[in-house]
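First, one chain by itself: the form predicted on its own, in structure tokens.
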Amino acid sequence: MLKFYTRFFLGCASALLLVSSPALHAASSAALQQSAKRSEVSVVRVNSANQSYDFFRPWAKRNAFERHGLGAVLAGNRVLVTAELVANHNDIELERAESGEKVSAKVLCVDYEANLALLAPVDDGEGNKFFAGLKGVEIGTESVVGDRLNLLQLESNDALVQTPGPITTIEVGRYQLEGHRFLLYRMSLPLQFREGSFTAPAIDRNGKLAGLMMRYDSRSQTLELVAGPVIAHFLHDFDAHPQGKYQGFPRGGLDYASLRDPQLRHYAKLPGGSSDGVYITDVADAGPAAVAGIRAGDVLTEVAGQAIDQDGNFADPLYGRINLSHLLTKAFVGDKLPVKILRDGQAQSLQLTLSHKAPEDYVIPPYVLDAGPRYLIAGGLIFQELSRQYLKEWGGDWQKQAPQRLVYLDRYQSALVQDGRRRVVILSNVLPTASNVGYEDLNYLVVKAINGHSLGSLDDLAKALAEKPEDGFYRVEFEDFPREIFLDSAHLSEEDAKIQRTYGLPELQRLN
């Protein structure tokens, strides 16, 4: 179902306005009508049955729901959709609009950061039959502000609907997840609601796939698209690394601030009259910037031969002034980019080797999708590993509503969690029983150790509980008040069995 979003996430690039004549608009619309006809055989319905996990009750799933979108058919019997369409799916099917023919599908590759997923039939034989007569669409990567694209939808009678509109802005903006910014197209068009349009392809005048719809605001009639160059990068990376070796989009591993403030420029010891570059505020441990030798307090002035201005933008030949993140995300993991910095007013040249940090490599993962949260229940105490997905259970305003100690740990984990821990273990809640009277109100506490053994993950917790207790008790230590609590080991197994029956728990732990 088409979602109507009212929130927008603006990047740092400046917007360019569309200026063209009525004749040019008419010619462009005619070309778009022809492109839509040529691409009509290149779209299929994608029906996904989804069921997300309940991170407050980690043993359970939420109610199942369905999403329906329009996928772009690519060469090799593959279909491209947004990752959000198939997140936490139980089942996916592809459907021919003109015949209603269906085939079960699987996910070949998904990138939740770039909001893209590549699908294929489960059975190759059925897939060959299903895709008969469908021509794979090519990817368009040269759209600019002012170009008119055609968004494709299907009516309830399966007639193709073509809604043209101009690209009003091209910038680096937020996609689905916090902290992940990519090239983004913004269009202006009066889009009508149609069932089955959770996502839809946008076609350029040459009949190429220019983008995939992510968000639409019906009040401002503004549409946001995953941009064609991001799609091309995703597909190239997947094809270049078969057998599940997809690399993902690289990051630089640094944060920066604008150098518009003359006092900050003076503090950074910029040469007189210079206003270029951005001030590095933070460098991720062991990230590309740290490995290259970049430090907090440096001024980044150039990346890959492109001068960086005081707002963090560079002059792109296609898009004009746009955020420097585009220089990184259009490159590939392993690429080496020359960079220039100023340190204490002295110019230095360094080399940035780009890498990608997978969610499982974070101490506090930025997202957990298509898998259940890890948990362990002992004596009614629910232990979990902290993730941003858990914090998002507090809703869209989770950064203010979730426990602030945990939000703080997530935001500054690279600086705060440096004791070798692989994960942050928390006591998320307590299932009240006769054996944990006095503990039933405990929640959101970071677990430090069990019987003096430091915890680096839930695996360490399970190992500690399997060892001989101290004087018949397991001593659970926290980083905050209360500093410690005790579990009587003599009755723990009996109590756990009773808890499982009382609360109808399928399992007392999920560690795999």
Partner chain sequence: MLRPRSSFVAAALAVLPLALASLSPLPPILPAAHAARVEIADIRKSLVRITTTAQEPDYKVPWNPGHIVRGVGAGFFIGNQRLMTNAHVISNARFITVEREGDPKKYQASVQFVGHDCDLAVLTVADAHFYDGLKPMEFGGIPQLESSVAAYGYPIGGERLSVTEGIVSRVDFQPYTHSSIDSHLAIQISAPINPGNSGGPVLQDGKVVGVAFQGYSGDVAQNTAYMIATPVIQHFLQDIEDGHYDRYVDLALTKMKLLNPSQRAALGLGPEQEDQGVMVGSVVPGGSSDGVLKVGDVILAVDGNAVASDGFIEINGERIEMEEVAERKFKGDELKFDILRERQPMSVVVKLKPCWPFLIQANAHDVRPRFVLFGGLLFEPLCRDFLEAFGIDDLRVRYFYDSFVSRALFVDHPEVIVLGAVLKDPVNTYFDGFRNGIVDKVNDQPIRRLEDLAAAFAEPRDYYVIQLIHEGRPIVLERKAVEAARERIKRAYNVTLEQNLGTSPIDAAAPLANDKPTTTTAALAAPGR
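Residue numbers count along the first chain shown, from 1. Treat the numbers as computed from the prediction; the structure is a model and nothing was measured.
Keep in mind the form predicted in complex with the partner chain is missing from the figure; the text below concerns it.
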Stretch in contact in the predicted bound form with the partner chain, which is absent here, among 252 to 260, 106 to 114, 358 to 366, 146 to 154 (heavy atoms within 4.5 Å): 252 to 260
Quick one: of R421, R405, K135, K340, which gets a non-hydrogen atom within 4.5 angstroms of the partner chain in the predicted bound form? R405
Option touching the partner chain, based on a heavy atom within 4.5 Å in the predicted bound form, out of S435, T353, S188, S274: S435
My question is simply whether Q399 lines the interface with the partner chain in the predicted bound form - judged by any non-hydrogen atom within 4.5 Å. yes
With heavy atoms only and a cut-off of 4.5 Å, decide whether T281 touches the partner chain in the predicted bound form. yes
According to a 4.5 angstroms non-hydrogen atom cut-off, is E484 in contact with the partner chain in the predicted bound form? yes
With the partner left out here, check for me: in the predicted bound form, does some heavy atom of K129 sit within 4.5 Å of the partner chain? no
